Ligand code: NAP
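Just the one chain here, the form predicted on its own, laid out as structure tokens.
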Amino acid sequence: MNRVGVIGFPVEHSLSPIMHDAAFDALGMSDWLYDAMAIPPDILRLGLREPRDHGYIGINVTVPHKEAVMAFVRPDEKARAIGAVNTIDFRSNIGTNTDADGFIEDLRANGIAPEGQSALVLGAGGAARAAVYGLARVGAEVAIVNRTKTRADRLAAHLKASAGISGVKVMTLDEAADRDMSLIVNCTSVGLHPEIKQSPWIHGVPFPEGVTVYDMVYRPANTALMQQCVAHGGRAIGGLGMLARQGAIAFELWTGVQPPVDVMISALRDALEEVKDS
């Protein structure tokens, strides 16, 4: 049996087993299994050693371990630039980050060419680092808005030092609202279930007309921010596709097989519908 999986704490909420197992089933890969393993932060090193020593080919890494695991693997260029690892291949002990590529691929899958976009990224955490890195690498003009400006400043400084990415602006939401932007990317958890009526776009700040909003939140499928966007003549895209596509990159890294992303997305949608109806 070929084993892969995900570690995090907690990890019971992870949808990764559902989408990976759906891909294994669709491809007839019955000798592959994807597990979810809860690893407390204080035993992270042991928690990495156990699956590796028991024949696991690789694992995904989710919160709160994405930064801490960098000390125990060989992070590649993307992981170093973003400052986090979300996928490990135990055969080489290389840690990578598939979030940026998954995000950019999902933009393209939705007909959005990221090159040349005037993009506003909301947030300054790990998801925002991946988004800014991905956008800047393909030539988008990027600005960051975060509730704590110093954290956004640190993000911009980190990417300049780690990846040579310069020109990323840090501004307030009021300043951003006056900017001619074409793409807004929500990398915060504001609007995530159960706080579905909340939006990272502060009440009273004019919402831009006709922009594209990409909300990395995928539960609910239609967030308050997405509704604001559509109400102002824009187009809104949820983050479920990014979840599937970043997972598909890890899947291919471990197996050498390109998975059916449509099957993975369908499995995720079905799982979220079951949760909603339960």
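Residues carry their position along the shown sequence, with the first being 1. Keep in mind that this is a model prediction, so the values were computed, not measured.
Below: the form predicted together with the ligand, not depicted.
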(message) The chain here is shown without the ligand. Which stretch in 203-211, 166-174, 77-85, 126-134 comes within 4.5 angstroms of it in the model of the complex, by heavy atom distance?
(response) 126-134
(message) Does any part of residue 92 reach within 4.5 Å of the ligand in the model of the complex? Heavy atoms only, please.
(response) no
(message) Taking the ligand as it sits in the model of the complex, is residue 138 in contact with it (heavy atom to heavy atom, 4.5 Å or less)?
(response) no
(request) Using the partner position in the model of the complex, report whether residue 187 sits within 4.5 Å of the ligand, counting heavy atoms only. (result) yes
(message) Test of understanding: in the model of the complex, would residue 61 fall inside 4.5 Å of the ligand by heavy atoms?
(response) no
(message) For the ligand, considered in the model of the complex: do all three of 151, 217 and 243 come within 4.5 Å of it, counting heavy atoms only?
(response) yes
(request) Go through 108, 179, 160, 147 and name the one with a heavy atom inside 4.5 Å of the ligand in the model of the complex. (result) 147
(request) Quick one: name the residues from 98-114 with any non-hydrogen atom within 4.5 angstroms of the ligand in the model of the complex. (result) 99
